[in-house]
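Presented as structure tokens, the chain that follows is alone, the form predicted alone.
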């Protein structure tokens, strides 16, 4: 679905579907930039609501504490700002455009994820 959304946004609006960039652009309030960004984010937020109405809630088991989830979210946000984009922007859109910067960013995202899982599960003994 994100690939389809990225293609449609590029074809219809000439924009790259990096979610963090789209959300960050909403905070800067530039003329002509707010409506499409708000519509894109609204679509992202509406999709799970529609899913709940059609299929009901999925069975999800979260084995991390709330503190760990908040810390993880903050680290993802920091990494997104540090890397000038998120996995959707670099991983989906950047790689499809053969961007060397996105290739490097995606490699760093993936390596960091692998190392984090190894440390948490095997060295710290967590879930």
Partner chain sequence: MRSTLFAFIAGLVFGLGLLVSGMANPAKVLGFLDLAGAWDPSLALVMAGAIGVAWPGFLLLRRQPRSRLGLPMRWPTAGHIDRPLLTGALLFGAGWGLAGFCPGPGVVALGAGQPGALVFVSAMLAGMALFRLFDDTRRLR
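Being a predicted model, the structure only gives us computed values, none of them experimental. Numbering follows the first chain given and starts at 1.
Keep in mind the form predicted in complex with its partner chain is missing from the figure; the text below concerns it.
With a 4.5 Å cutoff on heavy atoms, residue 53 does not count as touching its partner chain in the predicted bound form; it lies far away.
When contacts are judged by a 4.5 Å heavy atom cut-off, residue 1 counts as touching its partner chain in the predicted bound form.
Along 92-117, a non-hydrogen atom within 4.5 Å of its partner chain in the predicted bound form is carried by 92, 93, 95, 96, 97, 98, 100, 101, 104, 105, 106, 108, 109, 110, 112, 113, 114, 116, 117, in order along the sequence.
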